[in-house]
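Take a look at this single chain, the form predicted on its own, given in structure tokens.
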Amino acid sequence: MEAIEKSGIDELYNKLKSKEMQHLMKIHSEIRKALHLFFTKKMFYEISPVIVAPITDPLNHPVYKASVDYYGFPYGLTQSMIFHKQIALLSYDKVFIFSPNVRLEPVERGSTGRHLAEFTQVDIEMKDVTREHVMDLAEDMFIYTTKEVSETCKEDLEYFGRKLQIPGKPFRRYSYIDEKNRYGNDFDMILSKKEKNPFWIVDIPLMEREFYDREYENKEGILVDMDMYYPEGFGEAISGGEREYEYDKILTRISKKGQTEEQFKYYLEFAKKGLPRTAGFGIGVERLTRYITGFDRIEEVVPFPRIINKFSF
């Protein structure tokens, strides 16, 4: 173990001293700056991230549970701020957060090149809007960010031999069910490798997502959801949709997912008092950095990556 740790530290030391990392850190910083400017110009309020909380995103796949007992109060590490940003709209009309997320993923996800155990997600949420509004916003955000980084990091991108294509609007849309029927379970990555511009996958089946996303009134079992994907095989970029906000419907959805009211009792107290109707999305900063720089693996673009099943300083 000690030899493995020393090897990891030596590797990190050389990585941080490299010209490559200097260019990467410049691009990463400019991406964060562009995202912050975009939402500020759009009159979003920035709220502080929540690092530990009694409730967090249950996710739709298994992860190791990271929790602590702090003076008798149970807290878990934030997997996403989905509940907090929805509740925050009791005060605001639209919010954004640079939210650190910890997801202790199973070992098989370490092979994808797209997953870290710790990452930053820009979470946005808006009150009284539809999925169409947030998709339009997300497209504007992506175009603005890639334009800004292309201009401010021209020499850095040239170092990596990367020339960004600025897409036009609207981005192409695919139906989840249609494309899964056509290509099978890996349909999303097949499309990602095939496409030359970002695209959307919409109308996702209820059991494929968490309980908090809203079901169509006239399409049973289908959610008013969307995922944006990068082209060139870089995979998922954004996940979001409209949120369920009516107390009785939230209870029904929890039951359908095989979960219990006890698991979400704190959130349900807010829902019982009344939640606003909201929609939003989250985008991972490290995945965006990987796409913009063209790297094969996400841990290569992060100074201190939390790599699945590998020692990291």
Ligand code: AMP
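What you see is a predicted model; the values in this text were computed from it and never measured. One-based numbering along the sequence shown.
The protein also exists as the form predicted together with adenosine monophosphate (AMP); that form is not presented, and the subsequent description refers to it.
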Inset, instruction - With adenosine monophosphate (AMP) left out of view, choose which of I47, A271, A34, I283 has a non-hydrogen atom within 4.5 angstroms of it in the predicted bound form. - result: I283
Inset, instruction - Work out which of H115, R214, K180, H84 lies within 4.5 Å of adenosine monophosphate (AMP) in the predicted bound form, going by heavy atoms. - result: H115
Inset, instruction - Tell me whether Q121, S239 and R287, taken together, all sit within 4.5 Å of adenosine monophosphate (AMP) in the predicted bound form, counting heavy atoms only. - result: yes
Inset, instruction - Name the stretch: of 229 to 237, 200 to 208, 155 to 163, 132 to 140, exactly one has residues whose heavy atoms fall within 4.5 Å of adenosine monophosphate (AMP) in the predicted bound form. - result: 229 to 237
Legend entry - E105 within 4.5 Å of adenosine monophosphate (AMP) in the predicted bound form, heavy atoms: yes
Legend entry - 4.5 angstroms heavy atom contact with adenosine monophosphate (AMP) in the predicted bound form for I298: yes
